[in-house]
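Let's start with one chain on its own, the form predicted on its own, as structure tokens.
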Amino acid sequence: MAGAGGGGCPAGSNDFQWCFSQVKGAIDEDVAEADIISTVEFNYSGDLLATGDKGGRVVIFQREQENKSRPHSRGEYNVYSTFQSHEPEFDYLKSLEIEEKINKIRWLPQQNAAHFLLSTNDKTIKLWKISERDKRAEGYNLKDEDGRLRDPFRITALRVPILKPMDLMVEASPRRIFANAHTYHINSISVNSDHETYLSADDLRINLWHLEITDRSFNIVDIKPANMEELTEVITAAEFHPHQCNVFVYSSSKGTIRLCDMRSSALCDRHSKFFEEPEDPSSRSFFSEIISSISDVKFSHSGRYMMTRDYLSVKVWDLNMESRPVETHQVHEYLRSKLCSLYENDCIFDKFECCWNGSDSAIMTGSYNNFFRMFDRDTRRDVTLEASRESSKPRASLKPRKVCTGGKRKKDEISVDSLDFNKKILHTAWHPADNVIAVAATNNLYIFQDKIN
């Protein structure tokens, strides 16, 4: 099943080719830990693309306008702004280092000329304003052009400052800092559809914040038991419904999803819906509980469905049916026989994310060996593609890859034993309207788009 779909690829009902567009990042073999990309996120229009890394930096790319003189460079993304979002800290009470690594970035809908985004590390969430400045004021009364203060007694005339053009500057400034609300590591942030509030989730609690209030948040979910020895599951991801501001979901390490309605009570410990697929007793093993842990949950743009990613599969759930998913797509079933070695090298605990395309007709998620998978929900076709510098010639079509699990290996297939588990696609993003995808492969960001002849 890994790689069906020929040269065409899921992205809706029409068959087309994905082709290489750009790659960002150094080619060095020795990758610095700080340069590893830890999150990728398009803004609501898709014109900006933000990445966060383990060094606490945020890099924002802006999509260039289509250029008639260079038709092949349509919609390229170039660096717009780079800033240090978080610094390493030390918790003296617990004698713990707090990493600067950016866990999540979430854009706010654009209200004016400036852009706003939320970024978080393990403990602290920050609201950043990204704005442009292309004019500067000149002709001050109290200071000279070089900035030195003038002697008030020598000022004989009143000047009116004027604005003069200057080179474009993009400034990133922290507008709010939301801190000291999480005992455990933050794994999710999600902006509400009311555009006034957002949630943040750690292993045991979910908090609700107002974007204007930094010193107070409301605890809306708390699954911490009185005795920590009785702890059986943790929260792995949480997200607000895209249209209903009172509804959110959170997933757990036991493979279950709870949908909560904030209208029912202030503390949403009692869920409104509980989504769980019955386990097949015949396939139970030592690793069953580990691989059933959900690493990501995403609502569809329509709000009718949600998608969850566990270690081996991605599932689509109808919000009206709690008993089982309406679709189950195997991402890398060929790894089921390798779970023992994946457990020994800790890869079994990798947290893969997943994303929808703009029309909810296709989904994408990552795998190992820099492979990523796409599934067309209409045609039930799927494809395996690779983010590789070897196929990084401009507009080069991506060839579908296939993994051979045993027996005779065909020419274009790769053996499951030769997969590189250090190369993994954990973070992906799909443009909200166009067939443009961003794929993070260690310290490189690959951008692919549909091939237009």
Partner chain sequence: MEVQKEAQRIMTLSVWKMYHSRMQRGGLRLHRSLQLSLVMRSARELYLSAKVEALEPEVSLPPTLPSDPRLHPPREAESTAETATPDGEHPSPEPMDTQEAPTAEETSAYCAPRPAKVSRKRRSSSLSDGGDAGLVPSKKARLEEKEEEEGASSEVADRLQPPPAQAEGAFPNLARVLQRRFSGLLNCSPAAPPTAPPACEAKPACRPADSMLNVLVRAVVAF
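Just so it is clear, the structure is predicted and the values come from calculations on it, not from any experiment. Residue numbers count along the first chain shown, from 1.
If you look for the form predicted in complex with the partner chain, you will not find it shown, but the lines that follow are about it.
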Do residue 152 and the partner chain come within 4.5 Å of each other in the predicted bound form, heavy atoms counted?
no
Classify residue 229 as contacting or not contacting the partner chain in the predicted bound form by the rule of any non-hydrogen atom within 4.5 angstroms, answering yes or no.
yes
Using a 4.5 angstroms cut-off on non-hydrogen atoms, would residue 236 count as touching the partner chain in the predicted bound form?
yes
Since only the chain is shown here, I'm wondering whether residue 382 would be in contact with the partner chain in the predicted bound form (any heavy atom pair within 4.5 Å).
no
The stretch from 137-145, 202-210, 258-266, 369-377 that lies within 4.5 Å of the partner chain in the predicted bound form, judged by heavy atoms, is 202-210
Counting only heavy atoms and a 4.5 Å cut-off, does the partner chain in the predicted bound form sit next to every one of 84, 90 and 175?
no
Find the only residue in 96, 168, 326, 162 having a heavy atom within 4.5 Å of the partner chain in the predicted bound form.
96
Partner-free chain; cross-checking the partner chain in the predicted bound form, the single residue of 338, 351, 301, 241 with a heavy atom within 4.5 Å is 351
Can you list, in sequence order, the residues from 170-197 that come within 4.5 Å of the partner chain in the predicted bound form, counting heavy atoms only?
183, 184, 185
